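Next up is one chain by itself, shown in structure tokens, the form predicted alone.
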Amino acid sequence: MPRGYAGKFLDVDLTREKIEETEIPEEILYRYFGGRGLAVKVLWDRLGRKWSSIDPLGPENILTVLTGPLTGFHPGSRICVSGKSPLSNGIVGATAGTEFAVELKCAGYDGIFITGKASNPVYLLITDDGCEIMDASHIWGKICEETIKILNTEVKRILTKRKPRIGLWREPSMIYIGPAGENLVRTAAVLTKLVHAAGYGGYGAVMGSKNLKAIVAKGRGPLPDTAAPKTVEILLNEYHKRLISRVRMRQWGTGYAGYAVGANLSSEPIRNWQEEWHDERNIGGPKYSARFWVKPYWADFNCTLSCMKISCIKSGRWKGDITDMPDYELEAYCGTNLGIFNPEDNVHMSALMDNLGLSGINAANTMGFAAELYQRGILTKEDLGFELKWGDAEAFTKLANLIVKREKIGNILAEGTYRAALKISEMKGIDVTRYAVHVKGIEVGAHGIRSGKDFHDKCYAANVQGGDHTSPAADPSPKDAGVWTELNAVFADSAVFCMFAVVPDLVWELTYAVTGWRIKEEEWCREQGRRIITLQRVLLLLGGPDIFWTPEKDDDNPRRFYEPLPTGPYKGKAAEKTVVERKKKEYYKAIGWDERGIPTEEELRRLGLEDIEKEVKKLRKQ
């Protein structure tokens, strides 16, 4: 077993109530690492040949919960949650910052593979003594804040009773779902630490489909051995010096961008992307810090960047609401995207997403879509039960609850933006898909492409994770040097650490010192990274069972991104279809795919993926 790994994985079958410990050969770990990469490999091996018939919300789907070799060592520990996505019918590696990943490793496990469906609500309890299936009937239906409080108290009591000589047990760490996941809302997140979420992909709904409310871990062992402990220590000292020097990020986190991305870059979603420019100075970190921050520096395990903040509303109609900063994505999606420019209402909407267990990006995208349909008279007060006006936080609160409870129009919106658009088009007799801002079922992150000053014009269209802004498709050639690309993202998601804490000139040396594997960025981008996104691409196009994507039609940006920006310094600018098509084909060629984005037989052989050629042939003939 290579260094950096605990050496064991858990296989949990909830239907049969069976738990087994398994090992994965070193060759597989070297080729796929962990996290997103290993999830893709395991999902292909176990489900790939029947992928198109697998219901993402059925018991056959595998929920993967995985660390990586750098988890616990690289600053900013995260967990990677994956499986067949109920939004894209492909695979998304969704990560969240949490100590749960470290507790899991210290209990002796690198990850968990979960199949089946429990007969009643359950949670998993993982300790040094193994994994148990525990009753969760008493927390099913609880919002996330209540879930954390109950499980913290309950698990501490259980562990104290079992091992009283340990003394005072500290709180365990956990991942969990809210009512949205329980009700199979496709934009439900897997949450942790009250305000953190693995949101892309809809894996909260996958947990809910398995009657799995939470996974709790408490490990008392050490982190795994490293190949060169002294070198790890030296590198981490340098890491921490570098991270401490990132003054703006430490002081404001990503929340400083709430104003700048809109005002300076014309790239922020406003009223469902009808605009991307604003000059509203109420949005952004300085307007939140004095009024709401109760913890100005908050970090995940081993991270001196400490870029997170905790906000609390201390008085008024939203008194008691707690969330993070909010970070930029939720300043945008739970703020400007809904026409909300009031910081207090923005904090409230972010806290609401956290407590209901919704993805603050994906679900708020759907809510903005609904609001535009109301603006245009397509959805009515009769459909909703109330008026849905831009900037009305009370109305959007009602809408979020309708979605979570799957009541009235909320039952349709709970299917995610794209599926909701298809159903509303049929219901209303008018095509509303033009207002749906998604790529292959995944709602687009809060970074536009029209101004040309933020994200690249092909980054979503060619992305194997659709609208996921953390994994943008970009040319691996030197002309895109310095750009965070899909191949960089798949490394962070597979080694499993925070991309904001990466130090590019040290990360590969740290990888060598931890694992003993001498891998350089060039090799990763040519071999492991390409292998992982190639498998992801194939499974995305195999899709099914309800929706299938075709490259010619669906490898594209949202239609809105081809409409000229209506305001701001970049007024009139838009993505150009012919340019996007050309750049997309250039990108596909650069990574060994044909002009339709189908991996070539030669590339499959080079990557050692000959076993998927039979399925890929079917795609080439379509």
Partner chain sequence: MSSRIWIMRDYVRCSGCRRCEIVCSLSHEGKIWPEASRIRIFAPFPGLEVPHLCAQCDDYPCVKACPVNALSTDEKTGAVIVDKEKCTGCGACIESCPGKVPYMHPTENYAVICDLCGGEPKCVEVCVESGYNALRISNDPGVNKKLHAIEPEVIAKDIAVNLFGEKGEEVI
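Just so it is clear, the model here is predicted, and its values are computed rather than measured. Residue numbers count along the first chain shown, from 1.
The same protein also has a form predicted together with its partner chain, omitted here; what follows describes it.
The stretch that touches its partner chain in the model of the complex, counting heavy atoms within 4.5 Å, is 299-307, out of 458-466, 299-307, 117-125, 133-141. The closest non-hydrogen atom of residue 233 lies within 4.5 Å of its partner chain in the model of the complex. Its partner chain in the model of the complex is approached by residue 169, whose closest heavy atom lies within 4.5 angstroms of it. When its partner chain is considered in the model of the complex, residue 430 lies well away from it, no heavy atom lying within 4.5 Å. When its partner chain is considered in the model of the complex, residue 193 lines it closely, a heavy atom lying within 4.5 Å.
If you check its partner chain in the model of the complex, you find no heavy atom from any of 406, 618 and 622 within 4.5 Å. Residue in contact with its partner chain in the model of the complex (any heavy atom within 4.5 Å), chosen from 504, 320, 545, 316: 320.
Of the candidates 520, 248, 295, 376, 295 is the one whose heavy atoms come within 4.5 Å of its partner chain in the model of the complex; the others do not.
With contact defined as any non-hydrogen atom lying within 4.5 angstroms of its partner chain in the model of the complex, the contacting residues in 214-249 are 218, 219, 220, 221, 222, 223, 225, 233, 236, 237, 240, 241, 244, given in sequence order.
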